[in-house]
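Coming up are structure 1 and structure 2: the same protein chain in two forms, each one given alone as structure tokens.
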Structure 1
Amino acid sequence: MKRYAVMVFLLVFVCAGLGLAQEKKFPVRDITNVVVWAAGGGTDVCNRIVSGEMAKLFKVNINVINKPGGVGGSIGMNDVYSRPHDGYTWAGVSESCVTAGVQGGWDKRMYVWDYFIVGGSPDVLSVTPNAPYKDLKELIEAAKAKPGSIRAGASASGSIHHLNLLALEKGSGAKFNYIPYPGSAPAQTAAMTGEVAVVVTSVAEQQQLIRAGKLRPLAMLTPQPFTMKDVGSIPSSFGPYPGLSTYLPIMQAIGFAVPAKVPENVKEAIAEVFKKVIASDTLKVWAEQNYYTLSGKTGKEAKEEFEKLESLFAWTLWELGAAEVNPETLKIPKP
């Protein structure tokens, strides 16, 4: 009887050990990264480069797909959150996703995610090459003279680019005819084809178009000017319009997220490989060439950054009259 009891104990011990080992092994199959913005934009590009490098270390495929739409990336976020919280489905997100709640597309706070932040690039306002405005002041004066007559493109309502356009209007007194697009790439295409006269996206997203002469930068939506290789210095919008400092600057935080309820050992495995990739020469060279500042934040630090962005974006949109839901309703604290 004792011998039987010992055998049962050993069997249970071995099975428990095997189960623990299996739990720690991640990933055992392919991962899907659902980018909540359109293909070709900054969030898409960042997630593809990072996912590709992480796949090499994980030794599984990380399939990047795009599921734009809704407000603040809400369609993609809702899709990912509805799937099993096992770490095999990621949401490719950006700072603009924090506005989904006050725009009525997301009924949760952003702390239901854990984040892996790649980094970001500053926003620039550009016009079509044949636009009659030689600088930002001429553009603003034209927009003031005929409010709503100048079509300005940016990614979806509530995105950082839309928010920057709203801040420019508020700080300068101009009024544009805002045309929303499902991502930065479609907005830039619209500017090149003449569908809109003005576009607001990041330097990283516009760089090749600016170099090719397909877009002409007028001003950075940051306190400092910005120097681009082969292009020169792009002036700050803060000089002629100091009132912008009330709302700007707001920097990007691009990366991916997993539901906070994903097992801790899985999130640790993802974070370990993520940090290795961010620290790699491949990412450093890519970031420098494409005007990105790398972050690499994970865990509590990354979550705190998104909570601050949620507070700032939500209340800024509310104060600018561009939010449908009062942030107080969602219990989002004021910044």
Structure 2
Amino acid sequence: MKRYAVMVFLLVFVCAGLGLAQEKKFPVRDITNVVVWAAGGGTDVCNRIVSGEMAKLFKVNINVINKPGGVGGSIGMNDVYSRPHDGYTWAGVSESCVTAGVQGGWDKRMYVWDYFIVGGSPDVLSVTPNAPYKDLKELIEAAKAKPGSIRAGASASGSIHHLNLLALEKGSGAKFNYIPYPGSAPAQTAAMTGEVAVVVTSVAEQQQLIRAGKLRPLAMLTPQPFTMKDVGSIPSSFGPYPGLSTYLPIMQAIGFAVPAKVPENVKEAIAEVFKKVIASDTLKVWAEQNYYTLSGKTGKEAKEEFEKLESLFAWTLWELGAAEVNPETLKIPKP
């Protein structure tokens, strides 16, 4: 009788041990990555590439699905957050998701997530090829001489490219006549037709037009210059205007996130594989071909970047009158 009891006890113990070991091992089943933007957008493509590579190392499937809609991707984010916080559901996000809060689609702060930032494409300022400005200095001087006379196009009010334009204005003292467009592509088209003289979008979005000579790049809105095939080096705007470093860079941050309550060991397992993938040649080649700068930030570093973006976007939108919810009620600090 006693022997049986010992055996049962042992069995229970072994099972529990196995169970514990099981908990340590991640992942044991397929992962779902819910991209909060539509298929084919930058966030979607980026998440598909990274998930595909991570799936190979994890040896499970990572199913990428799209759940766009709401404001700032709020429908997808709410959906992921409402599922178990076990690390098996990720949210494919980008920097613009930080606007969901002030737009009334997300009632939490952005620190409830842990981020894995793949990177983004840096912003570049270009002009219509026959515009009289040879470099950034000439453009800024002309804009200062007659404030509001030069038309500058960028995607909608409060978008990342508009924020870049605003930061350039603040840092250089120039004032442009900002013309909003529904997206980067129409803004670029407007620059080609001459409806606007200046356009700010990302390098990835502009590269074809720059290389074909339909747009002429003046400066990068990042501290580093950028080398482009067929074009050469595009200088940084920080050279002539060092004051810009207070406001810029405002970089795209594309990647994925898991709820912060996911167990530490799971987050560590994801981070480990994520870093391996970011360092892999496949990703490097992909980034180069697609004009992306890889980041690879995780943990505290990544969270800080998103909190910075959150406060910047939230307060800018509020000042522009484009926000529904006062950032103060969400306790978002001022930038």
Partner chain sequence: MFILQQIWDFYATVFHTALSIENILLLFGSVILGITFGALPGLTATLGVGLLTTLTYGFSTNAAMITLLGMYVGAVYGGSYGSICVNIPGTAAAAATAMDGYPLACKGEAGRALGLTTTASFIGTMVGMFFLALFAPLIAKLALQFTSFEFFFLAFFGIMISGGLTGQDLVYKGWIAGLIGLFLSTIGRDHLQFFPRFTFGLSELDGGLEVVPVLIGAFGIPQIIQVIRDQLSVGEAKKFQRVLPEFGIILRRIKTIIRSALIGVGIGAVPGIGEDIAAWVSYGTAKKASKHPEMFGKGAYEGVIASETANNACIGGAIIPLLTLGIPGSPPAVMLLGALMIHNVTPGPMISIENPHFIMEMTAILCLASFATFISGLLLAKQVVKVLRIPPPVFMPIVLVLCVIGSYSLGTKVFNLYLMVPIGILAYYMQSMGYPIAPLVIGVILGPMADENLRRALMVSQGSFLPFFTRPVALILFIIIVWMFISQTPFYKRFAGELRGKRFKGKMANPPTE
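Please note that residue numbering is based on structure 1, beginning with 1 at the start of its sequence. Whichever C-alpha set is largest while still superposing within 1.5 Å between the two forms counts as the rigid core. Just so you know, these numbers come straight off a predicted model, no measurement behind them.
- Two forms of the same chain are shown on their own. Structure 1 is the form predicted alone.
- Superposition of the larger rigid part on its C-alpha atoms leaves the smaller part rotated by 38 degrees between the two structures.
- Once the core of the two forms is superposed, the Cα of Gln207 has moved 4.9 Å between the two structures.
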